[in-house]
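Okay, so we've got a single protein chain in two different forms coming up as structure tokens, structure 1 first and structure 2 after it.
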Structure 1
């Protein structure tokens, strides 16, 4: 099922039309938005052929999963973006894949997004009685994609410093698992944002970059700065979480070392003494020492001396 929204310049009205009603030659002021979200493979094929989209571009546009990219033909420009469709960074159930093919008058869009509210925003804003500037539509989509990251990234700072405080007191398995999840998700997001940052960075440095057909240098710079900021925030959070993991290894080995010291000192002193007590607890018929008058006290003194000697030895070895 393909949804075509056509702006009829005479009647200055937007109205849904079917593919067959599509004039082969679009009038100059006509505007057309073709929403392929629910299109079948064949329907999509017919549309792309109708607008003579190059095979390589058509192939990329048709993929549910393809890294963000920008590539232009004479009339059409392919822009693939990836928004963030999950509530928070605890799991990554796939990006909001925004595949756009646009020209001066036509926007062909296919958007895969499991988050209903975001999907709803990822639509061109059509004002019923007005024509439309396709570039404005694209700008709105770019800013929506960037916004789908920003709020969550700014809020994450709260979660990150909570994790930091938590781990510095006494980390738990659950916190460690959360950190590991976040790191894995942040890496995926960071890769998406790197691709998108590069798209606008390239536009910055190449005079005849396709984006400059539709946007001013100031706009392109704003797009770049938005994605660069998101990208460097994910870098920052990822690195801070990695520091936390490494730091936590250091804290736990410190504590294990401390506990190990106590256990070893107590065991090394008392296990041999218990053994000696065990010897004199044996019920052999003939055990000469047992008969000696103050053997008991001698053994006790020997045990005390042994214990103190052990403590001194550990002191020399710098154990406490």
Structure 2
């Protein structure tokens, strides 16, 4: 089902209308928001054809999964953004994707979001008796998308500090599993933030950038700085988690080396003794040493001296 909200310049009020009531030519002061969240594919195509949206823009707008993107034609601009819809970084169910087609008077939106609270924040707020500037709505959506990351990143700082303290005291496999999950999620959102940062960074180098049609250079710089800061924070957290992983692996390797050193020392001492015991454990009838009355004690003393000599040698070499 298509949801249309129309601002009538004569009455100066917003009102819901049907597609059949849509004016063929919008008055200069009119505004229109078309919400396609609950629309079928056919209904969506009808709207896009009505406004003569270019096929390339229409195709990208209709996709549920698409990297953040900015593209423009003569009258309409396509902006695709991705917000973070999960509660924290312990899981990643998927991004909240915001697909927007907008001009000076018309906003066509389709939002894919499994978080009801965030979905509500991503809807333009209609004030019945007040005209809405489409650019202000787009600005609100961009800031909401950036805020969806910022809140989680700020909360994650404390979680990461606790993880770091736990790993320094005595790291566990469970903590390592949590760190690996966090790294996976941060890597995914880092890609989204990199795309979105680049969208706004390009506006500084392109005089005809589509963003500058509706926003001032100050606004675009503000958008860029927000996403650049978020991207830097995810880079920082990812690097810190990587350091914890490397530290845990180094500590574990050191512990294994210490255990292996003990086992090696024990093996080195007892292998010669086992060799001697093996020789005298052979069942031959004629063995010269068997006729010596004190042979048993002599062999034991020799074996004990060999073991002690080995320990002394390891101590001198600093291996023990």
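For clarity, a rigid core is taken as the largest C-alpha set superposing within 1.5 Å between two forms. Predicted model only: the values in this text are computed from it and were never measured. Numbering follows the first chain given and starts at 1.
Remark: the form predicted alone is the source of structure 2; structure 1 originates elsewhere.
The rigid-core alignment places the CA of residue 67 less than 2 Å apart between structure 1 and structure 2. Taking 2 Å as the criterion, residue 48 does not count as shifted between structure 1 and structure 2: its C-alpha moves by less than this amount when the rigid core is aligned.
The Cα shift for residue 307 between structure 1 and structure 2, taken after rigid core superposition, is 2 angstroms or larger. If you overlay the core, the Cα of residue 270 moves by 7.8 Å between structure 1 and structure 2. When the core is overlaid, the C-alpha of residue 286 ends up 14.3 Å from its other position between structure 1 and structure 2. Taking the core as reference, the C-alpha deviation of residue 260 between structure 1 and structure 2 is 3.5 Å.
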